[in-house]
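Here you get one chain, nothing else, as structure tokens; it is the form predicted alone.
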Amino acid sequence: MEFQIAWRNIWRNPRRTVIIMIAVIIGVWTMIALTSLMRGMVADMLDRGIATLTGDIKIYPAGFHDDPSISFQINDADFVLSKIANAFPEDTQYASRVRVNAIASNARHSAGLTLVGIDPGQEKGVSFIGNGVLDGRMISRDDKNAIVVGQALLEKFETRIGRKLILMSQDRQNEITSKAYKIVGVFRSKLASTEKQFVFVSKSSAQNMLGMENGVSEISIVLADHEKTGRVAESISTALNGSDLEIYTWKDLLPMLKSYMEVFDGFIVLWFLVIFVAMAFGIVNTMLMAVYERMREFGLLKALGMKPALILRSVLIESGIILAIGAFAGNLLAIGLVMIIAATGIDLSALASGLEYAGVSSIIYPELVLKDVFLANGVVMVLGLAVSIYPAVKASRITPVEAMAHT
């Protein structure tokens, strides 16, 4: 009966009720929609960071991380992989690579970059280069003189597919070595800086150029679920205990991204509170107006013997109904908007330069996280009822005498 009475009371003044509901709808919609957009940006940064040759887990020869020199190498990558295979969860993918700093030059230009020797078959699903070739063709496993470069580097060097590029680096004997490669393909990345930084040749060609025999510089491992990274890394470390290899996770290799993600959840709570504070003023003000408009009613109820606690509860029930309806509508609106935007993404190409500097791609896809939805609704319902206590207490303290004097 209390809910029936509360339902009738909130519609005695439809305009006031609708105003409160609109405030709640806008608040919940803003919380969920903007948080989903920020989650999408963070997820994009993580996926791109892992795909840009980082992986979830990296295995390096001891010393390579601090001094990425060709003198450090893993001599038998297949043996290492066989030792740690039992630590891999389902759908784990991996790739072994040669990686060294080099100088690229042609007749007009020269620039420092990173030479990466890869097995093309291993890179699919592990890094962006597995499916990143836009023009020309991908290098094959046995290519000796073929190279794939980024679109931005191609434009910077004013060259094209079919022309030569000279790469120069230091080999295992600390001697300067160089080799001429023919550009056979061009890859595209979300960031122009990636296109300028990396060039790709076959792993066998890089090993031959640098005198590494069958050695590699790193083993990159990508998991289907990034949340399992820490547990899998511990298992790999146990399996390789006593070897001269070092294990790093993406959190070690991308410390700035790790720090950003650590403070992100706290930022979301702060963001929700800021939005709620703005919404709370409207709730308290409107509920107080409703209480003062109904002073005679509350005075009559007191005169008939209704306890203050029952009046307080009835006002809170009215607030709860309004908050629940507003939150429900806000959820529908926010989830629908997120689903629509997720289909095409938000194109921020006009801000591409600034976004690239921040490590964000030009197209953002929102990502809806269930805990954010629950948190937003929890903040609105719990704190909404909390701020409604003040008007409810005011109503419960109205005496019959005060009600009679009210005009």
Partner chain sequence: MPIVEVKGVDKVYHQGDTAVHALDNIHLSMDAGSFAAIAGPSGSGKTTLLNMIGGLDLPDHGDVIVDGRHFSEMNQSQLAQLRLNRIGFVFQAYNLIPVLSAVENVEYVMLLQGVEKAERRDRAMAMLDEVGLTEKYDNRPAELSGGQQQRVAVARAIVSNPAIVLADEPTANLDSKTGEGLLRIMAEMNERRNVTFIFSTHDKMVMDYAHRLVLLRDGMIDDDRSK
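This is a predicted model, so every value here is computed, not measured. Positions refer to the first chain, counted from 1.
There is another form of the same protein, the form predicted in complex with its partner chain; it is not shown, and what comes next is about it.
Novice: Does any part of K302 reach within 4.5 Å of its partner chain in the predicted complex? Heavy atoms only, please.
Specialist: Yes - in the predicted complex, heavy atoms of K302 and its partner chain come within 4.5 Å of each other.
Novice: Wondering, does R296 line up within 4.5 Å of its partner chain in the predicted complex on heavy atoms?
Specialist: Result yes; R296 sits at the interface with its partner chain in the predicted complex.
Novice: State yes or no: in the predicted complex, is some non-hydrogen atom of V401 no more than 4.5 angstroms from a non-hydrogen atom of its partner chain?
Specialist: V401: yes, in contact with its partner chain in the predicted complex.
Novice: For N9, is any heavy atom within 4.5 Å of its partner chain in the predicted complex, or not?
Specialist: Yes.
Novice: Tell me which of 306 to 314, 72 to 80, 228 to 236, 243 to 251 has residues with heavy atoms within 4.5 angstroms of its partner chain in the predicted complex?
Specialist: Among the listed stretches, the partner-contacting one is 306 to 314.
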